[in-house]
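Laid out below as structure tokens are two forms of one and the same protein chain, each shown alone and named structure 1 and structure 2.
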Structure 1
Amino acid sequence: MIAQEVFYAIWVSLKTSGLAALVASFLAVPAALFLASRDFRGKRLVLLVNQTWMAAPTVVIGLLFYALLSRTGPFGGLGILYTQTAMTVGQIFLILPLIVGFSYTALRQVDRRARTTALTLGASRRQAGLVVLREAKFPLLVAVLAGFARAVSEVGIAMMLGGNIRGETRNITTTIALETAKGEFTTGVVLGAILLALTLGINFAVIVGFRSGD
């Protein structure tokens, strides 16, 4: 396997998973803040559904979105099946509950007096929410990075929604699956090592972030 294809597979993984983590974070963190700061009827059900969604196998989510994006599906007219866009969409919904769950836990650990004090001093609800987010910025960063790590290492969604097209949607995990099936175990091991190095780098960034925040 030529080096150019390897580098492109790495680029596809970083691009789709990075974008998925970014979009999912913009959706998940405000949702987690709302859940952490308010009590309402049905909250336990929402948390239960989110927790169940966190454990959903990637192939199930891939199958769901394949049905939605296929030609006979309700969103088939968009024509994005077997594209990087479809892979990103699937990964967003894969990691969204994970980031919500981790962010909710992080925000619940923030001293409630921080928000109360901000409101007492005349801050709006939005400003008080920003105070809470700043207090939990490093645990929230961990949640985002955990979401990215989950997205970049999954294979079911990438295979089903991307189609493993050479030079288009083939990423690290689908390349590993393909090369291993062909008997090219050396290439699979090399790409596996690259993926492990990537996740190790993420964990190192988290550790450095926590230490700098102490």
Structure 2
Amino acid sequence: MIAQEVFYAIWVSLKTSGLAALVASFLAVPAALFLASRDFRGKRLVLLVNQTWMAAPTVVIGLLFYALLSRTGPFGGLGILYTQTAMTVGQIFLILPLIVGFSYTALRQVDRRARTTALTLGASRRQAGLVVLREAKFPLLVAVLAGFARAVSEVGIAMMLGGNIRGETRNITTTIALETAKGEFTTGVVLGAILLALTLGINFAVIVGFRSGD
């Protein structure tokens, strides 16, 4: 493997999965806040479905989006199959339930009084929601990072929707899969170690960054 290819694969992994984690968080955290702060009929069902969604294999998600995005599919016109965009979209779908579940658990940990206290001090409902998020800042960060970890480590969606095209959509995990298929197991393990080292660095940077922002 050429170093340049490895760098490119790292870049693709971080870019697509980082973006997926961000977008998914912007969808999942408000959803979790809604679920955590309200009791309504069917809420358990929503949680059950979310929980089940987590069991969707990446290949199946890949297949679904493949059907949607392929030339003859309903969104074929977008022409995004086998691009990084497709990978990001699939990964968003993959990690949504994980971030929802994690964030929900995190937000339930916030005292119910946090919200009412914010309200009585004059916060709007939105501001009160933000207070709840702030009180759970750290576990929410863990949720987002868990989503990133899941996205950056998955291979099925990247394969199916990215196509593992060299120089375009080949990321670390598809490279690992390829090297493994070639029988280059050592390369695979080394690339895995690089991925983990990177993730460690990112986790560290994010957590320390947020801590010092206190």
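Everything quoted here is computed from the prediction, not taken from an experiment. Counting starts at 1 and follows the sequence of structure 1. Take the two forms, superpose them, and find the largest set of C-alpha atoms that agree within 1.5 Å; that set is the rigid core.
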property	result
Form predicted in complex with another copy of the chain - which displayed structure it is	2
Core-aligned C-alpha movement of T186 between structure 1 and structure 2, 2 Å or more	yes
Core-superposed comparison between structure 1 and structure 2, L198 Cα displacement 2 Å or beyond	yes
